[in-house]
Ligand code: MEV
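One chain follows as structure tokens, the form predicted alone.
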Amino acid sequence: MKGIGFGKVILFGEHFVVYGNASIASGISSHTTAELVEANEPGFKIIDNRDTAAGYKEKYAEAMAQSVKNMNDAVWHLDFDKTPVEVTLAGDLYCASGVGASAANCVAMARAVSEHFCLNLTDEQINQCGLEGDKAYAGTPSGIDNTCSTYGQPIFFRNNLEGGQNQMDLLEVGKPLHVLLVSTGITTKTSDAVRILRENKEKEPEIFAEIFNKAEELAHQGKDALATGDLELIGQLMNQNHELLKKSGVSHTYLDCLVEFIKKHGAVGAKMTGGGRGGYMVALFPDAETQEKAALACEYEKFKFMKATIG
């Protein structure tokens, strides 16, 4: 039995979404697979064959085990000592901070478990598994990563801070978005970046009130620009979003350097994406040809990157 979980990119609003701000994100074609078979030894054994940044698997080994427990306690309710399984993780999603890799493996495992044990879980239940599993990695995740991983489409997302259903509107894209996701190679915990932003916000509440208001405005402008296919405007808004993330303390010197590098190679906009403090940046190009030229420049510099199209 095999399950799949899509990677993700956040175009607008990461980190701010934790506090109830709007965010725009999308699943990408790169994905994680989970192939599940019966096992002879009791328990839930995981064989991790994913391509990852240095130190990624070691850093998250404990969180992965906890994520399985979270999903089982919340949704599956299975006894793996009596019905042991072995799960092999693979796929073409290069796992590093910022592309929803943890949520992707949770969703992939949830789908494989559902099929193997005939649980017939709906997409919304799979999405709930992804959220519960991702808590082991991110502390208090917004829910955006698991939603993108489950549905694989562009979404306008808002976290319901009162505990009700999150807003999730599927978006139409006026023109395809040709993007590159470039990795810093730095593995970080999203929970660390969330803590840094929270501490900074508590120290300077007035400054961060302005930052959060501007981030909300950018998300709505981005939604309109996506609908009309105004790539130049989308790029400008992405650039502004990156500046807000820098001010919030969740970017990284290497991320900022990559942003400037990719702009020199034809990107109309670029920003960190995901947890920050390392991980990935995303760049938008006016067309596939420019995207390909920038990819060659990244390859020449030996950067790890993924090409993707949204919409």
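Heads up: residue numbers just count along the shown sequence, starting at 1. These figures come from a predicted structure and were not determined experimentally.
There is another form of the same protein, the form predicted in complex with this ligand; it is not shown, and what comes next is about it.
Proximity of Gly275 to this ligand in the predicted bound form falls within the 4.5 Å heavy atom cutoff. When this ligand is considered in the predicted bound form, Ile144 lines it closely, a heavy atom lying within 4.5 Å. The closest non-hydrogen atom of Ile10 lies within 4.5 Å of this ligand in the predicted bound form. Val17 belongs to the set of residues with a heavy atom inside 4.5 Å of this ligand in the predicted bound form. The contact with this ligand in the predicted bound form, taken as any heavy atom within 4.5 Å, belongs to Val194 out of Val194, Val87, Ala219, Ile155. With the partner left out here, this ligand still marks one of 136 to 144, 230 to 238, 200 to 208, 71 to 79 in the predicted bound form; by a 4.5 Å heavy atom cut-off that stretch is 136 to 144. Applying a 4.5 Å heavy atom cutoff to this ligand in the predicted bound form picks out Thr190 as the lone residue from 170 to 191.
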